[in-house]
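Below you will find one chain, with nothing else, as structure tokens; this is the form predicted alone, and questions on how it binds or moves follow later.
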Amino acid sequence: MTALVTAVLCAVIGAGVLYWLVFTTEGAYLGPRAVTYLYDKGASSYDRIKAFDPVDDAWDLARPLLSTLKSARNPLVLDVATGTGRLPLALLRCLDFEGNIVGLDLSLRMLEEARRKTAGQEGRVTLVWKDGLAVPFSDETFDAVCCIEALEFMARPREALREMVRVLRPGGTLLATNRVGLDALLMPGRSFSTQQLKGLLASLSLTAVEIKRWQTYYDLVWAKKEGDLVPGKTAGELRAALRCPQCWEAPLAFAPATVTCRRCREWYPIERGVIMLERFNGK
């Protein structure tokens, strides 16, 4: 009888751990391949399940972001872990947004949904299949860098934030979310207390930090990179800032269906409107 009780208890605990690993934390502790697999599988139903409100996204995300970019003519925006294009769509719906957006994600199926939803905007939305821990762009490229509801799913959130700040121009805006509440307790090491987050952002030379509760399980985090935002890179120079993930060479040679590195001769396909830079090298 004792052996049976022990076996049942172990089975219950095992099932609970499995549920936590797969559903509660969406594969975050199983590595990037697991996270990507789960999001690839759920890409077609993701928007229906999440039921994002375009009005809320406009008032909470797009409009406040645009107000920080008033001095930037035709701003360049990077959206890390763009998913199905939630933030790009929110910006594109703003008639006074005249900039360009790069959507970066590790889930190819999510990017394909983003391309479908932004059809007709290919000249303004560039989609890149790549890990947010190694953003393939030169330093100080973007006027704003965003990461919405995704930081906790990255293996090294601190490193991801450093990458975002690296490609952010002086005076540019960082917009991110930080998981809080019960969900934060269930994801140890993937979220930050308010004091931890303020200290980390300060160490990255970010100022004007504003943290406020957003939705149920997130804080919305705004910060500025030290310096003044002045006219800089244009949309035409965006491709020149793209770097080869293998040797970090730039600029790359663009053709209709490929991108090629002039130094190491590595080439990357462009398929269904997505620049395919990710190959899970060593991951």
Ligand SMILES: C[S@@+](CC[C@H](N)C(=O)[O-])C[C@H]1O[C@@H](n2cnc3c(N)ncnc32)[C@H](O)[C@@H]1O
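Note that the coordinates shown come from a computational prediction; the quantities given were computed from them, not determined experimentally. Start at 1 and count along the sequence shown; that's the residue number.
One more form of this protein should be noted, the form predicted together with the named molecule, which is absent from this view; the next part is about it.
Partner contacts here mean any heavy atom within 4.5 Å of the named molecule in the predicted bound form, and among 200-208, 166-174, 181-189, 79-87 they occur only in 79-87. None of Phe52, Phe254, Trp248, Trp59 but one reaches within 4.5 angstroms of the named molecule in the predicted bound form through a heavy atom, and that residue is Phe52. Proximity to the named molecule in the predicted bound form, defined as a heavy atom within 4.5 Å, holds among Ala114, Ala150, Leu161, Ala72 only for Ala150.
For the three residues Phe137, Thr141 and Leu238, a heavy atom within 4.5 Å of the named molecule turns up in the predicted bound form in no case. The closest heavy atom approach of Ser107 to the named molecule in the predicted bound form falls within 4.5 Å. Not displayed here, the named molecule is approached by Gly132 to within 4.5 Å at the level of heavy atoms in the predicted bound form.
In the predicted bound form, none of the heavy atoms of Leu65 sits within 4.5 Å of a heavy atom of the named molecule.
Under a 4.5 angstroms non-hydrogen atom cutoff, the named molecule in the predicted bound form has Tyr46 among its neighbouring residues. Contacts between 21-40 and the named molecule, taken as any heavy atom within 4.5 Å in the predicted bound form, involve Val35, Tyr39.
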